[in-house]
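This document opens with one chain alone, in structure tokens, the form predicted alone.
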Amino acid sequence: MDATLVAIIAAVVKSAIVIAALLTIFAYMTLIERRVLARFQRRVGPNRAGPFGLLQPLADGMKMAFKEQIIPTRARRLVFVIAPSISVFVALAAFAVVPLGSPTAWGSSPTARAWAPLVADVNVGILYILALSSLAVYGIVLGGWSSGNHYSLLGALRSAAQMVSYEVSIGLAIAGVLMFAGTLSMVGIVQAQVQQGIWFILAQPLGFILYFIAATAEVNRAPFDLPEAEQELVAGYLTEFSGLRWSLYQMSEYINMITAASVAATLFFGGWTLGGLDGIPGIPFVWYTIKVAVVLFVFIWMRATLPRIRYDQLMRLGWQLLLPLAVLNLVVTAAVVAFDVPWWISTIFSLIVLAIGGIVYYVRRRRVEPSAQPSDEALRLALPTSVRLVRIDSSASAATARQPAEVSPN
């Protein structure tokens, strides 16, 4: 069979497998997240649909399929219907250049390389991912604008400002990795880590932290899920969507989260490799899967731990903190690479910056938090005259609670 025909068939089959795998992982990521959040909050979580709740994603899908599809009377119908599909298409397409294993995992022959565990190895893979991630905002903006709802439009504009702000930080945060690797190819970056004998998170700890924070905001995950802040915007750009159209937006969010975790595992943790080892023979993507699962768990952990921040805090964090630190990290990394000094110089610089940031944060928190309880006089000035304060002695109340209750002789 002609090598070109084999490559085309392999690309189509692998694309179908990746799409099916992403949709399956999305379905069970919802179940895993609900179970993990339940464990954090000392609850049980969904466990009734099937053994151990494994059929819960199927039940949720059937529920969404049979829910009424509502289109508001003031909506732009065509754009309203197409907008969720744009978000899903962009999310699926961005995963095409993520390598699950080496191009020679099954051998070095043209046929074996055609069936390697990656859809495409392009020499500008990072640029491809950044370009597609910038298109993801169109699905959200068009969905909010086409709804004919002011809350939806405001949520869409919030999302556009948020994604544009943090895309700049993402690009600058990973630029240090590209300098150390000397290539934009995702496969080349993994091979550069093997050749240099380090994972790039060791040389770029500050870059990784900046990337992770910016990627969390980029995919609208807590604590940066401002476009769908129910307390302020009803449900943001999702207000008028229901049923399957609503689930398409959720699908795109989870697939984007998987892509962000995959990029982090590839750029900073050696992709499918384990140190200098090239994965398990015959199963090259085992290490990759473990690394992506750990990053996804951290996403869920952050949602269970951190409260949603205000929008002004979100913009201030992106423009006044992340962007200057990303530029500073880029300048120092460029100097390290240009003058051919050891990579650990960049590590020391990153650790110093992180230590200074931690000290500054601690000092500012100490200034904001009150050092002592306010006096009664201060409380009287702050409270209206109709409010009366009663002071309860904790030791006396505890002693009263320990005394046995008196039993009436009647």
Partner chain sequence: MTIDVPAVAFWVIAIILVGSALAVVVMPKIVHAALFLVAVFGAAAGIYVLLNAEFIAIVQVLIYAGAVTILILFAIMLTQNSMSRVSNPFSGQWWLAGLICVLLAAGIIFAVNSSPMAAGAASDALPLANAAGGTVVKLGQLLYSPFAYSYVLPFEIASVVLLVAIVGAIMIGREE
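Predicted, not measured: the structure shown is a model, and the values here were computed from it. Positions refer to the first chain, counted from 1.
The following text describes the form predicted together with the partner chain, which does not appear among the structures shown.
Student: Is the partner chain in the predicted bound form close enough to 78, 141 and 157 that every residue in that trio has a heavy atom within 4.5 angstroms of it?
Tutor: Looking in the predicted bound form, the three residues 78, 141 and 157 all sit within 4.5 Å of the partner chain (heavy atoms).
Student: Since only the chain is shown here, I'm wondering whether residue 137 would be in contact with the partner chain in the predicted bound form (any heavy atom pair within 4.5 Å).
Tutor: Yes, residue 137 is a contact residue.
Student: Using a 4.5 Å heavy atom cut-off, state whether residue 293 contacts the partner chain in the predicted bound form.
Tutor: Contact with the partner chain, no.
Student: Even though the partner chain is not shown here, does residue 123 get within 4.5 Å of it in the predicted bound form, heavy atoms only?
Tutor: Residue 123: yes, in contact with the partner chain in the predicted bound form.
Student: Can you work out whether residue 112 and the partner chain are in contact in the predicted bound form, taking contact to mean some heavy atom pair no more than 4.5 Å apart?
Tutor: No - in the predicted bound form, heavy atoms of residue 112 and the partner chain never come within 4.5 Å of each other.
Student: Only one of 71, 184, 323, 244 comes within 4.5 Å of the partner chain in the predicted bound form by heavy atoms, so just point that one out.
Tutor: If I apply the 4.5 Å criterion carefully, the residue I get is 184.
Student: Tell me, out of 127, 202, 274, 328, which residue has a non-hydrogen atom within 4.5 angstroms of the partner chain in the predicted bound form.
Tutor: Checking each option against the partner chain in the predicted bound form, the one that comes within 4.5 Å is 127.
Student: Heavy atoms within 4.5 Å of the partner chain in the predicted bound form: which stretch among 315-323, 206-214, 141-149, 260-268?
Tutor: Single hit among the candidates: 141-149.
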